[in-house]
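Given next, in structure tokens, is a single chain: the form predicted on its own.
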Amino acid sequence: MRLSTEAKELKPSATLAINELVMKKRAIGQNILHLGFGESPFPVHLSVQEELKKNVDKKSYLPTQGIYPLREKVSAFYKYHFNLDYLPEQIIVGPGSKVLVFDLLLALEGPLFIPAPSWVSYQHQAKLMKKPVHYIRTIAQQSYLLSPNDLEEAFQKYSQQKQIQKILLLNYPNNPTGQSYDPSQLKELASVARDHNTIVISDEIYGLIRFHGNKHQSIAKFYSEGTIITSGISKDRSLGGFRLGVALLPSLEQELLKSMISIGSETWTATSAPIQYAAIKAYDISSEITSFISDCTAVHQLIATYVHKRIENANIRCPFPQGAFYLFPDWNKYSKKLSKMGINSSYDLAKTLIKKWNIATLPGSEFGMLDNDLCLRIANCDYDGSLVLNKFRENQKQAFNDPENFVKSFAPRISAACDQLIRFTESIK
């Protein structure tokens, strides 16, 4: 059968591919330290489990936009956590935020601008629909954050006519870097976006996994008329396999709403009925759910900070984590020595680590970085989430006072992975 060029060129998602590879290697007895896949390891909250059991008999096709009681809960959730006002009528429920981003890119006209590094799927989704993609590469010295000047220069280079609609896909806290923006930075980015007729798709799936007492702010606060927020329950509630995401649209964009529902009706029809009813509980603003999110975020912070300290002490450059559960270290200072070892790209680096050091990571090139930029994404999730969460709750103060002992005792694969990364770096020296 003849395939489209776009389909033939498309490879499996790098994040899913590395996870399947690690599972196969572990199944045949190889002890792989898994820093390659960003799946929050914590258990499904018992109240959500109970709701799923209660609603397992729900089998009917539901409205493409999502059931109204769930959209009401999502509306209240965003008001409570982020002080954002979205009516249930402005909210779409889909089978994961990934497909909602895809449908938004399908519905909206204009070239796509993506700060690099960025999540692996954005560029491939756009290329499937032959939409022009322009990367705006950021640098480690600025914590891989997009600056207003970088954005302005990208528009001047690729799309000078202000009246032509553009799309900016912003993800923060960021996968793969773990970095985020403060309100003043978002306000400046919003000003540039508004001036250049730019629709911002703000992927805020890690919004509640923000560290060090900082509260997540949405760019929608400063550019409500031009921002679409996407998110879901995969990360902060550890429900990736539930496949439920949400999109929050500007109030006046009725044509976009209609188009999104129409696209959904012709593709995914509706999100799973039992999952939608269970998600009503997942979007509850009760103390049990909010405490669960808070505790899981605290563990993510503890482990990310521990990993950062270990690798930075080994003279590996890595911006300090601000949220999510990723770090983005690089070995560029060792490029000449690595080249003598046959390592000239981030792909070579990742391949060496999994083959010779039993550490699974992902190369920076998968996230839009240049091939010769020797950076990797590492995910801090290779531990027993139930055990770690329970131990953390038993004595939070002790866990934060002695994170090294806590991680070694209850997340030993994370500690072992740090040991291996350090040994690898010392072998270069």
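Since the structure is predicted, the reported quantities are computational estimates derived from the model, not experimental observations. Quick note: we count residues from 1 along the sequence shown, nothing fancier.
There is another form of the same protein, the form predicted in complex with a small molecule; it is not shown, and what comes next is about it.
The stretch that touches the small molecule in the predicted complex, counting heavy atoms within 4.5 Å, is 30-38, out of 64-72, 30-38, 368-376, 399-407.
With a 4.5 Å cutoff on heavy atoms, K235 counts as touching the small molecule in the predicted complex. The small molecule is not drawn, but in the predicted complex it has no heavy atom within 4.5 Å of H196. Taking the partner from the other structure, the small molecule in the predicted complex has no heavy atom within 4.5 Å of any heavy atom of R310. Proximity of N175 to the small molecule in the predicted complex: non-hydrogen atoms within 4.5 Å are present. Proximity to the small molecule in the predicted complex, defined as a heavy atom within 4.5 Å, holds among Y144, Y283, Y78, Y326 only for Y326. The partner is absent here; in the predicted complex, the one residue of H216, H134, K131, K98 having a heavy atom within 4.5 Å of the small molecule is K98. Candidate site formed by L16, W119 and Y206: every one of these residues places a non-hydrogen atom within 4.5 angstroms of the small molecule in the predicted complex.
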